[in-house]
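Here you get one chain, nothing else, as structure tokens; it is the form predicted on its own.
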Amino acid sequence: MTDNASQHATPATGSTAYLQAIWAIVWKDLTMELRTRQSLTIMAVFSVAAVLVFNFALELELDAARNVSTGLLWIVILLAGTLGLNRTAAVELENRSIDAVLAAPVARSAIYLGKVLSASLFVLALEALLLPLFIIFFNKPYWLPQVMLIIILGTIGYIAAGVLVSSMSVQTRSRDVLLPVLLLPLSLPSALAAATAVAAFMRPELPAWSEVQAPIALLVAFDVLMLTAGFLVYHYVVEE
């Protein structure tokens, strides 16, 4: 009876420890960002400046600007997110905090998932700033729950790929150039699918499910693929 109880208790304890490790990584990243405010500040300043430039550059062609606003949104998210990922990885390398994390007796996959979660929170905070600006300047219904869900799905896949690529490129001398060169083409299928799906909801009438089924399915598949790849190979990336 005791043996059976211990056998059932071990997986629960392991699962709890695994979740605690993920939360510890998230808490560490959030605390570091609250102290330095480097990544979020860079992302926010770049995003607001980009939106203002797009708005005033296309002011004479408001209809055209509204038609391409979905593409502009994802351009800003991708570029600002890349800046944030690059800066976060660079700060960890400079402070040698990544060495302390890797020395901890936790699974590398837990470190990866924790970093994906914390980076996703940063980008979602940025999107919470961006969406009201796009609603004001371009007068499009970005407040729809379906649109927000699609943006979240696109963000998860992009960050899952970004954490993996930034961990590979941060050790190189040309990391500032290498990260966007590798990450932007890799995340392009997700960004295109998300932009296509969001654009369908920008019309006056809501789209039928058949119109958005393919891009949403691609988004989900991309998220699963990137998370699985990172879960499986992150150990080899950080060891190198």
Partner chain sequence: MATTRLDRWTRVLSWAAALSLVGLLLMIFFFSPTERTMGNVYRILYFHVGVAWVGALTLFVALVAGIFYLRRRDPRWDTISLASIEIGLVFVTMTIVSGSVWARPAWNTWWIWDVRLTSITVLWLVYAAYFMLRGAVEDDEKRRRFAAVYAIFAFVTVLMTYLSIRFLRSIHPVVVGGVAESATGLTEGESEFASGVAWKMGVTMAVSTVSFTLVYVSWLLNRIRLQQMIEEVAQLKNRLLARL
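Residue numbers count along the first chain shown, from 1. The model shown is predicted, which means the values in this text are computed figures rather than measured ones.
Although it is not shown, the form predicted together with the partner chain is what the next lines describe.
So which of 130, 168, 101, 72 reaches within 4.5 angstroms of the partner chain in the model of the complex, heavy atom to heavy atom?
If I apply the 4.5 Å criterion carefully, the residue I get is 168.
Answer with yes or no whether residue 42 is in contact with the partner chain in the model of the complex, where contact means some heavy atom within 4.5 Å.
Close contact is absent here: in the model of the complex, residue 42 is far from the partner chain, nothing within 4.5 Å, heavy atoms only.
Answer with yes or no whether residue 203 is in contact with the partner chain in the model of the complex, where contact means some heavy atom within 4.5 Å.
No, residue 203 is distant from the partner.
Does residue 181 reach the partner chain in the model of the complex, with heavy atoms at most 4.5 Å apart?
Yes - in the model of the complex, heavy atoms of residue 181 and the partner chain come within 4.5 Å of each other.
Check residue 19 for me: does it contact the partner chain in the model of the complex (non-hydrogen atoms, 4.5 angstroms)?
Result no; residue 19 lies far from the partner chain in the model of the complex.
Since the partner is left out here, which residues of 181-217 would have a heavy atom within 4.5 Å of the partner chain in the model of the complex?
Going through 181-217 in order - heavy atoms within 4.5 Å of the partner chain in the model of the complex - the hits are 181, 182, 185, 186, 188, 189, 192, 214, 215, 217.
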